[in-house]
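Quick setup: one chain, the form predicted alone, written in structure tokens, and binding and motion questions come after.
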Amino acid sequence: MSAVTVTGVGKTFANGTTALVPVTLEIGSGRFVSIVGPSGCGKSTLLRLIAGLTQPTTGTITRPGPLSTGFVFQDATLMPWATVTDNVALPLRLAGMSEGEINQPITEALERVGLSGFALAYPRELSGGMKMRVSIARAIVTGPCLLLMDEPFAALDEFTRFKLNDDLLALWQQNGWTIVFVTHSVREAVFLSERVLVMSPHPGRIIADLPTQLPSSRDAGVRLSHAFADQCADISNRLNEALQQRAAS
């Protein structure tokens, strides 16, 4: 079953900039899809269109019935004056849930991201990786079926990024979410995903839609495998070719 169907979707902003030429794609329920490409290629625009945060100029985006959605931004965007619990509680309170109703989902969300012992901490007391875990907890506390992530690990050091990649894969496998993940990193896209959408800029468009040929259970050893290196090289070559063709035109 499809979680998201994008049909002929394009986006032109009020200033006349075409951010995205018509895109058509289908994202299956429970799948992990990454979108990779250079800055300005329309990755985040496509994600925001799927989220309904902005509307397409052309085309349609459909889902089979109501589909709850969580969104994780590149910055953790936490309220500095609020505890971890209060930051995670925000979407539940906005939805009108009572204080008695929100305790259990908050506890479960913090357990899932490994922050059970930090419920009363403030953002200033957390590392960058921990802040991002709070942001993920806030996105999943409502029990979404679709999780959209816009370069959530871009500002983190490599060790923390790898650890969060591993944890995200485990969460996806445990919960059966549909995840659409935007990144600049080819290596991150290949490691995380079942499928990689490769985009090129000016205007933003999808130039390749590639399944990853990696085992479903992935650990640090996968990053050292020939299959992983070959897939990363293939995507990088496609991106370089597209950018060279654009520069020559």
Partner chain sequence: MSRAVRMVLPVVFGILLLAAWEILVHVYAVPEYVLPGPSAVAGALWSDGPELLGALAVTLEVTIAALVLAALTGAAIAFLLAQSPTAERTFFPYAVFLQVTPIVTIAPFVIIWVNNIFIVLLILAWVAAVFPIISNTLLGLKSVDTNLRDLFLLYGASRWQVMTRLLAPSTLPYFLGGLRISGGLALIGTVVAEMVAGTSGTSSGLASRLLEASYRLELARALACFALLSATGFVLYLLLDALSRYLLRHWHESARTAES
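Please read these numbers as outputs of a predicted model, since none were measured by experiment. Residue numbers count along the first chain shown, from 1.
Another form exists, predicted together with the partner chain; not displayed. Remarks below refer to it.
Between the partner chain and the residues Ser44, Thr183, Thr69, Ser193, the one pair within 4.5 Å by heavy atoms in the model of the complex involves Thr69. For Asp75, a non-hydrogen atom is located within 4.5 Å of the partner chain in the model of the complex, even though that partner is not displayed. The partner chain is not shown here, but in the model of the complex it comes within 4.5 Å of a heavy atom of Met79. Contact annotation for Ala109: none of its heavy atoms lies within 4.5 Å of the partner chain in the model of the complex.
None of the heavy atoms of Phe118 is located within 4.5 Å of the partner chain in the model of the complex.
Annotated contact segment (heavy atom within 4.5 Å of the partner chain in the model of the complex): 133-141, selected among 151-159, 110-118, 167-175, 133-141. Residues Leu197, His226 and Ala229 are none of them found to lie within 4.5 Å of the partner chain in the model of the complex, as judged by heavy atom distances. Along 81-110, a non-hydrogen atom within 4.5 Å of the partner chain in the model of the complex is carried by Trp81, Leu90, Pro91, Arg93, Leu94, in order along the sequence.
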